[in-house]
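Presented as structure tokens, the chain that follows is alone, the form predicted alone.
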């Protein structure tokens, strides 16, 4: 599962991660727009409060289930065909590095129809093309309902770019996460 957010999406993203059970059956990759000028303790704060492992993604690290990986500031985060991460410092996209589109597309290239992309509140169009790419590869494209987003530009852009995204209000997003866990338990 890949989650992208920017302005207005941090609180919902935090709450989603706090809701994950210890044995969440997917790896979670989070791309957020944040300033490289300010040191962030977001991952450490979340690690103290969540049931899953939360960390900054390292280059050459193998992606694992029940772990939340954050894209480091000022690097694009890519997933290699062997399931390891690569950090890239190529040009920003939509003035952002990390860019949501870059990670969404990279993860979709590797995981194809096994990707769930979730795009939350934000003030630019980053993530819309990446979510459409996930959808085109057979993955699930999920967009926060713009009416429940603090800043609706990002989710509105995704709705206009994707063919048939699943548009969910905040409570339905939590229900989706709960269903992922329940489905995995049923299949085991």
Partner chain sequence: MSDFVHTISFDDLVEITKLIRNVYGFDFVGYSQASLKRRVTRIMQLNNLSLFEIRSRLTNDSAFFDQFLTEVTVNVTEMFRDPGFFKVLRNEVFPYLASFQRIKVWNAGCSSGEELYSFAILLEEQGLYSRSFLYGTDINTRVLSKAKKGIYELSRMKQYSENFIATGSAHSLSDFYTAKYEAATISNKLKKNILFSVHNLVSDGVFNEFQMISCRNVLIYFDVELQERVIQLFYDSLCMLGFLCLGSKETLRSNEMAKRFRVVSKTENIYQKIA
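Residue numbers count along the first chain shown, from 1. Remember, it's a predicted structure, so these values are computed and weren't measured experimentally.
Here the subject shifts to the form predicted in complex with its partner chain, a form of this protein not shown in this document.
Of the heavy atoms in residue 102, some are within 4.5 Å of its partner chain in the predicted bound form. When its partner chain is considered in the predicted bound form, residue 136 lines it closely, a heavy atom lying within 4.5 Å. Although the partner is absent from this view, residue 132 contacts its partner chain in the predicted bound form, with a non-hydrogen atom inside 4.5 angstroms.
The closest non-hydrogen atom of residue 78 lies within 4.5 Å of its partner chain in the predicted bound form.
Scanning 77-110 for heavy atoms within 4.5 Å of its partner chain in the predicted bound form gives 78, 79, 80, 81, 86, 87, 88, 89, 90, 91, 97, 102, 105, 106, 109, 110 in sequence order.
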